[in-house]
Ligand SMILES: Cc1cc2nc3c(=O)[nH]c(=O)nc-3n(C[C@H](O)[C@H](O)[C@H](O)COP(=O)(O)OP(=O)(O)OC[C@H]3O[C@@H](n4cnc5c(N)ncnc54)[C@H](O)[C@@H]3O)c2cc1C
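What follows is a single chain, given as structure tokens, in the form predicted alone.
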């Protein structure tokens, strides 16, 4: 079963295609178990999965350290606040499941999550798809919500980071993991770390490109899954205009469906702002030609594309733009595992090795869902539970 087949199974509960989310009821229980584990844990990566794992281990009183290759935390939740007067998510953007996932991550009934989100209005929000006006539900936005005055990164910085920030070491590019002995040795470009358990959360593209060597080699089953899994290219852009002339979203038909996705959307939707911003989200072949163009050629191409749809209004109202090519990020090298991947292959990616190496992140799940922040967080919950049994 591919992720799309799983999505279609969930559609019996009321979802539609092509931009479809997974219902929370289609996932397993995500509670955190208590533990008597007394060892030390190294977490590779300070993205959604790595931060969630560290946060939960901290709650359990487990000694842990997070090794982050870059100079900042967040991974593919990258957000900028200096483009307009509300946060612009250069990576992960929507909440694709019910808000209860915030409580799963925080794991503390005494904390009330105040992060604001808003769903799309089925009565008033419209989209364009193949030149026709359709509802946002027709594009699959049944449960998806936009963050208001915040982003996924803001949520983590407010509720997760304060309790783990002293345990994060930056500029630690992991090059080798030796789990052949009783203790695990992790080498970076400038240090060596020793631990009892390791949680690997790096994007799967880095493992495909052998950025980290393992001693002994990872099991053949996992290596086979790594060699066969498809990671989509990823690109995002945002354009500010002097006035709004577009609907809530503009969907595009990319064929075959497994090739990619492309969507323009109202990035300012629900924000306390009067500044019109249109976002572009593309993965797979949808990223072409955007990620291959120079900055000047990029905006010319986008404005011409929008002018064709909206009778020259894009060029007439253009103010400025920004873009993000995820293929060029050294510690991402792409977007995420594509939607049509075989779920068994994804499950194999998420399996632990020798009760020493554990995997968490958008690509390392139980195979029921993948490639979203909530799946990364839930995979971290599962890894912590397995590690600490």
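Residue numbers count along the first chain shown, from 1. All figures in this text were calculated on a predicted structure; none of them were measured in a lab.
Another form exists, predicted in complex with this ligand; not displayed. Remarks below refer to it.
With this ligand left out of view, the stretch that reaches within 4.5 Å of it through heavy atoms in the predicted bound form is, among 67-75, 124-132, 311-319, 254-262, 67-75. Using a 4.5 angstroms limit between non-hydrogen atoms, residue 229 is distant from this ligand in the predicted bound form. Looking at residue 173, you'd find a heavy atom of it within 4.5 angstroms of this ligand in the predicted bound form. Proximity of residue 197 to this ligand in the predicted bound form falls outside the 4.5 Å heavy atom cutoff. Using a 4.5 angstroms limit between non-hydrogen atoms, residue 212 touches this ligand in the predicted bound form. Checking 225, 202, 239, 136 against this ligand in the predicted bound form, a heavy atom within 4.5 Å turns up for just one residue: 202. By the 4.5 Å heavy atom rule, the three marked residues 55, 106 and 383 all fail to count as contacting this ligand in the predicted bound form.
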